[in-house]
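For reference, the chain that follows is the form predicted on its own, supplied as structure tokens.
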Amino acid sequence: MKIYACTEGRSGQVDAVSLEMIAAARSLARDGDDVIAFFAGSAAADAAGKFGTADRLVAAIAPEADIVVAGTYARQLCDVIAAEGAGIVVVPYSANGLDVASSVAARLDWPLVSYVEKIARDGQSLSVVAQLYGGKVLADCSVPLPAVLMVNPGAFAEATATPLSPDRIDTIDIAELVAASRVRPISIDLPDFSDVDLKAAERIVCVGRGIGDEASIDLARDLAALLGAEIAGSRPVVDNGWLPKLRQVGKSGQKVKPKLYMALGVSGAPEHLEGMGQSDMIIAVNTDPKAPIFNVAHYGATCDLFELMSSLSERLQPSDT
């Protein structure tokens, strides 16, 4: 069986989630199966050494296309699958992956399972654990093969970035396909990280909607200073204008992997977990014991976050002696 892992990246760089998809695909492989990484972009050669434990790389290249839009990506992937066959396609839950997964499933008339957290292969079917209702419910389901799986970032650890030898890389020229697309990127706006780069922070204190109001963020900011941490926020906090966009953690913000991630009043929507689920240690404080953040937290407390911040800040104050 051929198992395809969809990867993403640009400018010769491969997004970390790509290695997670390869790891997910590898976990499903049996003796004789091939795990194939699929890449679409302008420069796979520089990134060829980063496709982990895949058996092969199929690189669909358009030299002028730093980003290949989802429709073109899905169409080329389906053409490859039609030529070579496949039993499973693993797609990251991302802005691009949302469109790719649904398009591939529709074109191939295969079942699609989204928000996948765990996968186990059982003969000609898969046992899948998937999130429902924003992560508040985990559903166990059985899916017949072939199938498309859209996997949540952070559900699998990154595969080792093992270099692929040239004879294991197949390159396809998709310049004409990209040029024929009715959807074309006009420009790419990248954030300015000169103020703060959360991706490089070793400690982060993140506040969610539970912080209540903008003024209360000062308490979390003081705690962060005592911890030597950066202050960050979930999307509701940023949407309210309480913190700048560069300090947003989540799918539409920064994806972080600090050694310590303290989530204060953060519910843990899938979009937020996507941005911080791989933190080394996650401490969650939320009065709702069913908050999804506790599904990924190493330590959790259902106490009043203001009482905890006050007590912890008092204990962390430097001694006068």
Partner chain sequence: MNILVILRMVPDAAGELLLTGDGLGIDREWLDFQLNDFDDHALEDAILLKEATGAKVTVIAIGEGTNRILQMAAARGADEVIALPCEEDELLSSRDLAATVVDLARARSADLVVCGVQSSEDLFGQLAPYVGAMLDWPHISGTNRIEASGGGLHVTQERGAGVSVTYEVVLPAVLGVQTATKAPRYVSGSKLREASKTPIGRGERQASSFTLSASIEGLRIPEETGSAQQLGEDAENVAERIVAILESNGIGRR
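Positions refer to the first chain, counted from 1. Everything numeric here is computed off the predicted structure, so don't read it as measured data. So that the term is clear: the rigid core is the largest set of C-alpha atoms that superpose within 1.5 Å between two forms.
Keep in mind that the form predicted together with its partner chain is missing from the display, and what follows is about it.
Participant: Residues Ser27, Pro63 and Asp122 are flagged as a possible site; in the model of the complex, is every one of them within 4.5 Å of its partner chain by some non-hydrogen atom?
Facilitator: Judged in the model of the complex, none of Ser27, Pro63 and Asp122 sits within 4.5 Å of its partner chain.
Participant: Answer for Ser216 alone: is it within 4.5 Å of its partner chain in the model of the complex, judged on heavy atom distances?
Facilitator: No, no contact at 4.5 Å.
Participant: I'd like to know if Ile283 sits close to its partner chain in the model of the complex, meaning any non-hydrogen atom pair within 4.5 angstroms.
Facilitator: Ile283: yes, in contact with its partner chain in the model of the complex.
Participant: Taking heavy atoms only, is Ala157 within 4.5 angstroms of its partner chain in the model of the complex?
Facilitator: Heavy-atom contact with its partner chain at 4.5 Å: absent for Ala157.
Participant: Does its partner chain get within 4.5 angstroms of any non-hydrogen atom of Ala43 in the model of the complex?
Facilitator: No.
Participant: From the candidate stretches 110-118, 82-90, 170-178, 157-165, select the single one in contact with its partner chain in the model of the complex, where contact means a heavy atom within 4.5 Å.
Facilitator: Contact-bearing stretch, as computed: 110-118.
Participant: Which of these residues, Val69, Ala269, Leu57, Val256, gets a heavy atom within 4.5 Å of its partner chain in the model of the complex?
Facilitator: Contact with its partner chain in the model of the complex is made by Val69 alone.
Participant: Enumerate the residues of 116-131 that have a non-hydrogen atom within 4.5 Å of its partner chain in the model of the complex, in sequence order, or give none.
Facilitator: Sequence-ordered list: Val129, Ala130, Gln131.
Participant: Superposing on the rigid core, is the Cα displacement of Asp280 between the shown form and the other one 2 Å or more?
Facilitator: For Asp280, whose C-alpha is compared between the shown form and the other one after core superposition, the shift is 2 Å or more.
Participant: So with the core overlaid, does the Cα of Val69 end up 2 Å or more away between the shown form and the other one?
Facilitator: No: Val69 shifts by under 2 Å between the shown form and the other one.
Participant: Is the C-alpha displacement of Val178 equal to or greater than 2 Å between the shown form and the other one once the rigid core has been superposed?
Facilitator: No.
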